[in-house]
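Take a look at this one chain, the form predicted on its own, written out in structure tokens.
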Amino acid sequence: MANERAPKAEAVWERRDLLTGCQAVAEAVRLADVDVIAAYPIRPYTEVMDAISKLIADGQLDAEYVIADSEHSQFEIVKHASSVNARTFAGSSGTGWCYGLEALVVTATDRLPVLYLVGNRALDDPGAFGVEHNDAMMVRDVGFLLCWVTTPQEALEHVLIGYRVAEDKGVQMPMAIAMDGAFLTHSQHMVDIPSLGTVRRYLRRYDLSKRRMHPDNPISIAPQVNEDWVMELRRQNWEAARSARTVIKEAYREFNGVFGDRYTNPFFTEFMTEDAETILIGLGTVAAPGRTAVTRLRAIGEKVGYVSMRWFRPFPTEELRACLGRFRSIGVIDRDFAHGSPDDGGILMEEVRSTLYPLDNRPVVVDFIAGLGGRDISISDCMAMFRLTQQAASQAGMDGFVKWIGLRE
């Protein structure tokens, strides 16, 4: 009828809440309509499972919630559920993540797109609940998608993006979202929560298609093939990881189309780098003091900037090479350790330096190992890193280019 009003379009954002990083992930699990969740909580990721159990109890999420007897068991549960076409979620931290490593590796090699939260925590011994990145990095070379988030808002959005990428038929790899323990898992931020209808416009249904385990679809998963087929299977996983770079770009374009222009660059975020000569680069919440240090140094005329890495696997080789090749000197902040590595540097530094190797005019690289065990990385620490990186641009040789920041005297 002419006088009838057209139906009102559903708002993209439903509400705004004060949430911790863990609570934001739980909201994203609800929005993604996850089918099977397996839990064996270990701090600092525990609150994710607390929040999810409340959502189920309150009738806001219809899902199977299985309390496992160990991290290994919970990872096996979601692996098998994923193989029969259920969207699945699990997580862990620190040594718990490592305890389930056998199941994690098998999930990766079987190309099952389970999504996990890793609440980054130091590896025992000695006992420590503070953040380090070595736990999540345990799976970096076995067929996992791996990214770091810097805010609860990013965490919520990357659960949705993560499922979109992991479940793509050209990828079908497990996805680990890494979140700094305490600094992000337990800190509260204002988070915009999208409407369920909007999420359904973006996130398609999970469909393993011909790879789905079902009595009507006889297939073999993880057969004993030894030298006959292992090389070919490894090559398939290698191709999937290469394809993921393209799929990630598509996933962010689609995300921006549905939710607004949220991300300019899928893989990393640049801050005040347009005319920068010296930059710092890091993973996770060190972006907060890093960017603040940039603002303060810019106020006194220093040409500095900050690059916050998001995706670590697949590594954004071409994009990062084009970005970092513009600068004179680069300081890499490693919240990880790699004892006995080339030049005794950290994991992220080795990846960045390898990325820069083909350039004719390579920037000078300085490595900063900092914040281990949850020790704070302050604004003044970041300002000192900038000074050391600026000095390195005019110094020859590699001696002493790895600096430990914040050590006790």
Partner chain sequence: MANRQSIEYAKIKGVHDVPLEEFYTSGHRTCQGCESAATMRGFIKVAGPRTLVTGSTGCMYVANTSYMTTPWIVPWMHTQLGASGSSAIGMAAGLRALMRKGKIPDEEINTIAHCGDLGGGDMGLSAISGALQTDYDLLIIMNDNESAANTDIQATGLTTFGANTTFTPPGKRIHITQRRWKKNLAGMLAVGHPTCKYVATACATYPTLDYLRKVRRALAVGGPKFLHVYAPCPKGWDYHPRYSHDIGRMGVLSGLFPLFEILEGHVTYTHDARRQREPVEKFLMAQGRFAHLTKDDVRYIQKMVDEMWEEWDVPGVVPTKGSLKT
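Numbering follows the first chain given and starts at 1. Model, not experiment: these values are computed from the prediction.
Note that the form predicted together with its partner chain isn't included here; everything after this is about it.
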*Have a look at 90-98, 132-140, 238-246, 104-112 and name the one stretch with heavy atoms inside 4.5 Å of its partner chain in the predicted complex.*
104-112
*So which of 168, 157, 76, 336 gets a non-hydrogen atom within 4.5 Å of its partner chain in the predicted complex?*
76
*Let me know the one among 225, 190, 299, 231 whose heavy atoms come within 4.5 Å of its partner chain in the predicted complex, would you?*
225
*Would you check, heavy atoms only and a 4.5 Å threshold, whether residue 376 touches its partner chain in the predicted complex?*
no
*asked:* Is it the case that residue 58, even though its partner is missing from this view, gets within 4.5 Å of its partner chain in the predicted complex, heavy atoms only?
replied: no
*Does the 4.5 Å heavy atom contact test between residue 209 and its partner chain in the predicted complex come out positive?*
no
*asked:* residue 66 versus its partner chain, in the predicted complex: is there a non-hydrogen atom within 4.5 Å?
replied: yes
*Taking 124, 384 and 405 together, does each of them reach its partner chain in the predicted complex with some heavy atom inside 4.5 Å?*
no
*Can you name the residues of 83-108 that have a non-hydrogen atom within 4.5 angstroms of its partner chain in the predicted complex?*
83, 84, 85, 86, 102, 106
